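The form predicted alone is given below as one chain in structure tokens.
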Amino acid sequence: MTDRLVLAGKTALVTGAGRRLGRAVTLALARAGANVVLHYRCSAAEAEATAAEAHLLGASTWLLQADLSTPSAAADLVEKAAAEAGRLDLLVNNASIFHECGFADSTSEAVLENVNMNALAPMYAARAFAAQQRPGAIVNMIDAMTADYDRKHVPYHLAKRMLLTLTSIMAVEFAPLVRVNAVAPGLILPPEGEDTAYLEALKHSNPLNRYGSEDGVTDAVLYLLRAEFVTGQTLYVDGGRHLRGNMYG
């Protein structure tokens, strides 16, 4: 008996697969022998390039475009992905928006935009995935700052906190067939338009006093997809950043 799922031959849907961490997760799955359905919204060229790299690694790939700002589109995406690929075994909810907006500037529109994209779309996708009524695993990408307070991105922060709670709820609701876990990256990639100087300036904010890499995140995602006796967990890949002010939380 083993509690380690073999990913080779499995089929995964990765949302926001063309760029940044979505691209890294897609290629890591391909290296592990999985086939991948790549979702994108606007980054068609990047998604096609990522699919081509995954194909060279031996994966079968499919490309699907969808705007997940309307949460019900996420359910449609999962159904289309399952139809195109024949089945889905794995789901990585990675697509996200990340706009700077403090508390004083937060509006109902900004909060709802973030909740729709960063919490409800993953929920709708996960429910459609679980509706297949077959064994599977889901990983939600959240944020290490959900353990603290991100005052520069309040609507985003609220939505990712909601997804953190939804991860636990769905782990219970979808058991025993589907496992649901989350990965919370910390200081891994600089924001759009920034370079590694941004990471260097903030590395003091975690106990390990450095920044991480995409490999650390993909290792965490693959571990949770493989770990068949683990559900309802959030794995922080943040150099210990989540411990600040929360040692026993």
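We number the residues from 1 along the sequence you see. Just so it is clear, the structure is predicted and the values come from calculations on it, not from any experiment.
The same protein also exists as the form predicted in complex with a small molecule; that form is not shown, yet it is the one meant from here on.
Proximity to the small molecule in the predicted bound form, taken as heavy atoms within 4.5 Å, picks out 37-45 from the listed stretches 37-45, 219-227, 201-209, 53-61. Residue in contact with the small molecule in the predicted bound form (any heavy atom within 4.5 Å), chosen from Ala159, Ala126, Ala81, Ile142: Ile142. Shown without its partner, this chain lists Ala171, Ile97, Ala75, Cys101 as candidates; in the predicted bound form, only Ile97 has a non-hydrogen atom within 4.5 angstroms of the small molecule.
Contact annotation for Asp215: none of its heavy atoms lies within 4.5 Å of the small molecule in the predicted bound form. Taking the partner from the other structure, the small molecule in the predicted bound form has no heavy atom within 4.5 Å of any heavy atom of Asp195. The small molecule in the predicted bound form comes within 4.5 Å of a heavy atom belonging to Ile188. Proximity of Ala182 to the small molecule in the predicted bound form: non-hydrogen atoms within 4.5 Å are absent; the residue sits far from the partner.
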